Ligand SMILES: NC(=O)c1ccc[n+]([C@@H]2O[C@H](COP(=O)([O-])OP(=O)(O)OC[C@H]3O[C@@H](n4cnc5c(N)ncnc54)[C@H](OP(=O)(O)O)[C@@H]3O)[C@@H](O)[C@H]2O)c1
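Okay, here we've got a single chain as structure tokens, the form predicted on its own, with questions on binding and movement later.
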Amino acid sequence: MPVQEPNTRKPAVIVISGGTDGMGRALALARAERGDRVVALGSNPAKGRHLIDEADRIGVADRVRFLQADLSSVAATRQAIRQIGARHEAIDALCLFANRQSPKRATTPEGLERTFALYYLSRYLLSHGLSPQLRRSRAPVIVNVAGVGMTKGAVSWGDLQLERKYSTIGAQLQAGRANDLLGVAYAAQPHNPIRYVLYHPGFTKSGDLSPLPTAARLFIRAAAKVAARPVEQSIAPVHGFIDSPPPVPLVAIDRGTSLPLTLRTLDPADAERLAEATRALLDTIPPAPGAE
């Protein structure tokens, strides 16, 4: 009989925002089953306990850590970054899933429109804030799960906080286009070894629908039975991005199709413009008391 080679793969450290729901939760448990150490970020402690309970049921509770953080808060996201950095010298993958739809315009205690803060700003902060730890990995990668490939919606340059005109879909589309540009600007940094993947999984049976009106929840659930992809199918490519990061600084994948980086939604000038606007916005939010 042939001698089977031992599995010498070193466990990876993976940080997952939105790690207690849908695709993020499924990825957290799947990676722990593969032997990786997972930090799952989420705002709901009950969902965090359920994640740990499920990890315990499948025998991987020692590999999954739940870190409670309201990622719509800049201060809370910065605190989570400090906590992760204090515990992990190196991070191999950062997977960004956190998002929640808001039927009405709502603001965070810091005065930010909530969808923009959660869906885009948290991803900007985590990407840049955990860069030192990612750079210590031999093959670091960031996977930003949003809507790359879609061309609907745009960044409202004169009204990033959508004070003049708000809609649930408009807010989602703006944040999605902002994430496209986040990937472009991040990958363009000089001497940057961290690969950035913009990934659109398509319509998936995933996520928390509780903020939506009853009629909308029923419609989405009915549509999901017909057209949505299973969670396992949607996260399958993410395993590949983690295990074999792309050889180039930036890739954009829409449901298995590699997209040209010349798409108008991936314009480098717009990416730099948004990066400057984001830095200016974040400069207006002071550090929390006691933060470094």
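Please read all numbers here as calculations on a predicted model, not as lab measurements. From 1 onward, residues are counted along the sequence shown.
From this point on, the text means the form predicted in complex with the named molecule, which you will not see here.
Under a 4.5 angstroms non-hydrogen atom cutoff, the named molecule in the model of the complex lacks Arg177 among its neighbouring residues. Mapping the unseen interface onto this chain, Phe203 counts among the residues with a heavy atom inside 4.5 Å of the named molecule in the model of the complex. The named molecule is not drawn, but in the model of the complex it has no heavy atom within 4.5 Å of Leu274. Proximity of Asp36 to the named molecule in the model of the complex falls outside the 4.5 Å heavy atom cutoff. Note that among 91-99, 188-196, 161-169, 132-140, the stretch whose heavy atoms approach the named molecule to within 4.5 Å in the model of the complex is 91-99. The three marked residues, Ser43, Leu71 and Val145, each reach the named molecule in the model of the complex, with a heavy atom inside 4.5 Å. Taking a 4.5 Å heavy atom cutoff to the named molecule in the model of the complex, none of the residues in 177-196 make contact.
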